[in-house]
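Below sits a lone chain in structure tokens, taken as the form predicted on its own.
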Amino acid sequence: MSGAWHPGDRVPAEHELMVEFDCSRMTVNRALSALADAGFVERRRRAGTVVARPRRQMAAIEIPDIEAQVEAAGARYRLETLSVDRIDGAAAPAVARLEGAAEVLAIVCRHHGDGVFALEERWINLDAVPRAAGVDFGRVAPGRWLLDYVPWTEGDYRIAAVAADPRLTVPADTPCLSFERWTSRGGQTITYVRQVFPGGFALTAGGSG
């Protein structure tokens, strides 16, 4: 859950874990089975156990990978990062639910397809994801990086119709959709994001991931 092991990394063999933790093979097998049931690892016959890719959707709404959506629509994706600031956790907005975080990474960016596709404001809890501080978010979208490398267990959402944000560079009367998401692990908020889309964007409903 710390992200020290990346998706696809091999988990030590059962006999290695028995030695490391001084326990029985049955105990190791039960622990790995529980991790597999929770979706954190994949057990492959003959290949062993590997770290699973993070889940991309929860019970109701798929977490949008904006780059993939732009490309699926036949457009060329471009990320425009407006600001990346490392700030004191107390300076994060209350809505982000990052109370108690010592440091937070605050990112503002625009996603482009055929024109501006979305405006994104994101706060990442560096206590929960310290290696995010070393990522170049001028080159990789924060949402894409988090989906690929950071496991999570809970997600909350809020959707609202809003007026156009001037930073979207669209006419002031353009109807827009605000999509807010809080992603957590073990009760600790990993990231809060607010994405604003001009009219025409659709959210996808689905089952558990």
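Numbers for residues come from their place in the sequence shown, where the first is 1. Under this definition, the rigid core comprises the largest set of C-alpha atoms superposing within 1.5 Å between the forms. This structure is a prediction, so every number in the text was calculated from the model and none was measured.
As for the form predicted in complex with the DNA, it is not shown, yet the points below apply to it.
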Item to complete: Could you tell me which of 174-182, 39-47, 157-165, 139-147 sits within 4.5 Å of the DNA in the predicted complex, going by non-hydrogen atoms?
Response: 39-47
Worksheet item: Even though the DNA is not shown here, does it sit in the predicted complex so that Thr81, Asp85 and Ala91 each have a heavy atom within 4.5 Å?
Response: no
Item to complete: May I ask you to state whether Thr169 is within 4.5 Å of the DNA in the predicted complex, using heavy atom distances?
Response: no
Worksheet item: Using 4.5 Å between non-hydrogen atoms, is Arg53 touching the DNA in the predicted complex?
Response: no
Discussion item. So in the predicted complex, is the DNA close enough to Glu14 to count as touching (4.5 Å, heavy atoms)?
Written reply: yes
Worksheet item: Could you tell me if Asp22 has a non-hydrogen atom within 4.5 Å of the DNA in the predicted complex?
Response: yes
Worksheet entry | Heavy atom contacts to the DNA in the predicted complex at 4.5 Å, residues of 21-38 in sequence order | Asp22, Cys23, Ser24, Arg25, Met26, Thr27, Asn29, Arg30, Ser33
Worksheet item: Superposing on the rigid core, do we see a C-alpha displacement of 2 Å or more at Ala141 between the shown form and the other one?
Response: no
Practice prompt. For Arg43, state whether the C-alpha moves by 2 Å or more between the shown form and the other one after rigid core superposition.
Written response: yes
Worksheet item: When you overlay the rigid core, is the Cα of Val11 off by 2 Å or more between the shown form and the other one?
Response: yes
